[in-house]
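Below you will find one chain, with nothing else, as structure tokens; this is the form predicted on its own, and questions on how it binds or moves follow later.
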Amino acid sequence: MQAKGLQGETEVMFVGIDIGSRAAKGVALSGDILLCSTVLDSGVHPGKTGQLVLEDLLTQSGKKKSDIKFIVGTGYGRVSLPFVDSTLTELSCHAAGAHFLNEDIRTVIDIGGQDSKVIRLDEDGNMLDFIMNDKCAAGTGRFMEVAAKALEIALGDLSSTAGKSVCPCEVTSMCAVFAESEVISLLASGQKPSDIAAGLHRSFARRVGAMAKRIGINGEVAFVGGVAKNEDLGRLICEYLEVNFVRLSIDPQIVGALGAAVVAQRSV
């Protein structure tokens, strides 16, 4: 997979590994060429998962460990990776990854499994400011998981289900603890799963959008993280903020790992 249409040196490679709360991501980079990537469940042993991520990248690229020039770890589990050369916060890595993909991006909205963040970048891709919601699961991937389970649909089907809605419900609770009870109550009252899913998305979009407005939207905007795969939610956030997200050339879930690989390459 190639992130940019440029040719780069492929004799050595640089690796970024992002161990998040729900998923572990890895990217192998050489110059402007994204050689390969992988996404695994984080599991309960992030150190072992990180090793599996590295092994998968080596298998895909056909390289040996000695071909890796530098490795940067990021995410919640970065401290559990003894084989990395350096670590960096996911905030800076998401900024670096987004800038690598599009130098006009100045705002990054990242929604992961356990937190949501809005990051402002300067023209060089450095983080200028950020706002973060990590006090509870509201406005995170975990909230979506709880909602999908209560609706008895697959998490990956939540977006398409919401897209069938004719009359979205009003969802008052964004707390993952109480959302399940509210979903069950709405189902019991005869509301359609599609209308409930659409209502959940609208509440989610308002919460994340309000957070973005507090820090301020500037320049091109990128939506990254695992939740960015939810197209219906992305559309609603765009409507709330009156913006259009930059179309990314890679899986939005691996942008943090890509940024870590970019930083690794800069470190040499």
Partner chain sequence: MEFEVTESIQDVHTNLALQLEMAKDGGKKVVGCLCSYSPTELILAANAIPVGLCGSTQEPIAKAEEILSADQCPKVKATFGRAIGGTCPLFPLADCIISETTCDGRKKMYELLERYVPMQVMDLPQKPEEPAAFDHWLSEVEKAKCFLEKQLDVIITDEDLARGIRMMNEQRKLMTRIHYSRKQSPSPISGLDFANITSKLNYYVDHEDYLNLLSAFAQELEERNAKNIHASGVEGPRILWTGLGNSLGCNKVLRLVEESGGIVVCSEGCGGVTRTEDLADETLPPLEAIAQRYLRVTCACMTPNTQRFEDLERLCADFDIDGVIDLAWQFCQPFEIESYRVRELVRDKLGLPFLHVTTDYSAQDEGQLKVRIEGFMEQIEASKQRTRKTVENESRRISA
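Residue numbers count along the first chain shown, from 1. Keep in mind that what you see is a predicted model, and the values were worked out from it rather than measured.
Another form, the form predicted together with its partner chain, is not on view; read the next lines as being about it.
> Would you say all of I71, I250 and I254 touch its partner chain in the predicted bound form, counting a heavy atom within 4.5 Å as a touch?
The answer is no: none of the three residues contacts the partner (heavy atom, 4.5 Å cut-off).
> In terms of non-hydrogen atoms within 4.5 angstroms, which of the given stretches 155-163, 181-189, 76-84, 102-110 touches its partner chain in the predicted bound form?
Every other range fails; the passing one is 76-84.
> Although the partner isn't part of this model, could you tell me whether R142 comes within 4.5 Å of its partner chain in the predicted bound form, counting any heavy atom of the residue?
Although its partner chain is absent here, R142 would stay clear of it in the predicted bound form, with no heavy atoms inside 4.5 Å.
> Do I215 and its partner chain share at least one heavy atom pair within 4.5 Å in the predicted bound form?
Result yes; I215 sits at the interface with its partner chain in the predicted bound form.
> Do V146 and its partner chain come within 4.5 Å of each other in the predicted bound form, heavy atoms counted?
So V146 does not count as contacting its partner chain.
> Taking 4.5 angstroms as the cut-off for heavy atoms, does S194 touch its partner chain in the predicted bound form?
No, S194 stays farther than 4.5 Å from its partner chain in the predicted bound form.
> Heavy atoms within 4.5 Å of its partner chain in the predicted bound form is the criterion; list the residues of 66-96 that meet it.
Stretch hits, in order: Y76, R78, L88, T89, E90, L91, S92.
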